[in-house]
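First, one chain by itself: the form predicted alone, in structure tokens.
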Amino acid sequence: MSDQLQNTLSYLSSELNRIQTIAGTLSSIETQHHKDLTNMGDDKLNQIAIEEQSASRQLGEIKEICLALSQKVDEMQNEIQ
């Protein structure tokens, strides 16, 4: 049972780290899009830039959630060892 739980926690930790990395990468891309689109003198592009900024913030939040969950999983792994 303990080995199975350890394997499950290791899998969860790995996947959370992967999601965290993806969210961080996408957040950076969205931030760059926001910078590129801002101040191009077009209202439609400015609106898209605002949406990109919002998406970047949400991806940043996902990254932080994954980090917190990953730390919790690590604590659980340490407790059962």
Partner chain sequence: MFNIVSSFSRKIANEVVDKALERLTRDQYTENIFEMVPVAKKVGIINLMENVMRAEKGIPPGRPLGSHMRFSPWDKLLFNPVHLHRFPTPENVNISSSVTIGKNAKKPLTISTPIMIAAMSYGGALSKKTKIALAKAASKIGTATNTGETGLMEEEREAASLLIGQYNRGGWLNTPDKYKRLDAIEIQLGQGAQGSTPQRTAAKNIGEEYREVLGVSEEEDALIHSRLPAVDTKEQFIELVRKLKDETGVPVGLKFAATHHLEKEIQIALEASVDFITIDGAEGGTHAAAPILEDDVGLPTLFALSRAAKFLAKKGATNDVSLIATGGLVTPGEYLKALALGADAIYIGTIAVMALVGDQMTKVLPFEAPTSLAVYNAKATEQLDVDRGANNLFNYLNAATQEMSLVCYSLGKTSLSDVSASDLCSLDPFLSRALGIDLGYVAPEEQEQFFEGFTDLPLHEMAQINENQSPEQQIH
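Numbering follows the first chain given and starts at 1. These numbers come from a predicted model, not from an experiment.
Although not depicted, the form predicted in complex with the partner chain is the subject of the following passage.
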item: 4.5 Å heavy atom contact, H33 to the partner chain in the predicted complex; value: no
item: Heavy atom of T21 within 4.5 Å of the partner chain in the predicted complex; value: no
item: In the predicted complex, E64 touching the partner chain (heavy atom, 4.5 Å); value: yes
item: Close approach of Q58 to the partner chain in the predicted complex, 4.5 Å, heavy atom; value: yes
item: Residues in 26-53 close to the partner chain in the predicted complex, defined by a heavy atom within 4.5 Å, in order; value: S27, S28, T31, H34, K35, Q47, I50, E51, Q53
